[in-house]
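Take a look at this single chain, the form predicted alone, given in structure tokens.
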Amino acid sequence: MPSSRATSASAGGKIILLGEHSVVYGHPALAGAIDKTVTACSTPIEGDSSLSVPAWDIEVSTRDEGAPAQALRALIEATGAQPTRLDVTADLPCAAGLGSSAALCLAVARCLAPGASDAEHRDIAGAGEAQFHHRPSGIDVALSQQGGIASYTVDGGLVPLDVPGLPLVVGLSGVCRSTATQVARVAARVADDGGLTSGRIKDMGGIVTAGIDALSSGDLDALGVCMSQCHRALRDIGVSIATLDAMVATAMEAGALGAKLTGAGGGGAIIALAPGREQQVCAALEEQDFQAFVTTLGANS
């Protein structure tokens, strides 16, 4: 049941370590939650529901158009909430491939329906997430809810991995991008290029399987190789850009074992695996005027 009092709730972001785009086509992905979060506070009001996220420059109501407003309407409808003002704070970067929209939708779902079950929260958040992305795989909402590190398939969902947290460097390109646009671009290539993109997507499935084995056995050198192989495959299917490629090269030159774009591509962020050299890699990226930080893959939900 929706709450009639002010409520607040949080949800975290995620990083896809391996398997972007290929996960949409039934292959596994390897991913984990991170400790950057979104917190929503709901206050009942008279009139139209509204959503304010100053950190992301979002201010919409249910009367507006665009993905944030459509997501707000979907979340309100799914929870049956009374008119409410949602004030959102976030230290999770927006439009960077780190699961910001899923974290937003899950935080709002938890806020508007505090008595709902985990499954209900997941469904509610998924209804909002669908307004942001074309064919979302579901991995972002699932990881934001469950936390930890896991393999994921569309049909099988999350399979948690019993592995320690993994420090990663995140570099922000500053180039905003649309997941929906990138997913649609890959779908068009799959349909039009005679199987070349489908072949690289299949290759990524094999890379992910090897990466899961490497992580499970603690072989970080092998995991780094898989990350770099995955970046090349993503570049081949057209979702990397020169800025991301340059950032990956910078991270590798600074001592990373592996580096790649994370998320849908077209901009957003890169990640680098650099055990013991995280600050060195951050400094190298910052010297190129990119923001960078260290996070731990495998945060709790």
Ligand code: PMV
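Counting begins at 1, following the sequence as shown. What you see is a predicted model; the values in this text were computed from it and never measured.
Only in words, not in the display: the form predicted in complex with this ligand, which the text now covers.
At the 4.5 Å threshold, heavy atoms of G171 stay clear of this ligand in the model of the complex, well away from it.
Within 4.5 Å of some heavy atom of this ligand in the model of the complex lies at least one heavy atom of S137.
The shortest heavy atom separation between V208 and this ligand in the model of the complex exceeds 4.5 Å. This ligand is not shown here, but in the model of the complex it comes within 4.5 Å of a heavy atom of G97. Each of K14, H133 and V183 comes within 4.5 Å of this ligand in the model of the complex, counting any heavy atom. Only one of 241-249, 263-271, 63-71, 44-52 lies within 4.5 Å of this ligand in the model of the complex by heavy atoms, and it is 263-271. Taking S151, T79, T179, T84 one by one, only a single residue has any non-hydrogen atom within 4.5 Å of this ligand in the model of the complex, and it is T179. Contacts between 141-175 and this ligand, taken as any heavy atom within 4.5 Å in the model of the complex, involve no residue at all.
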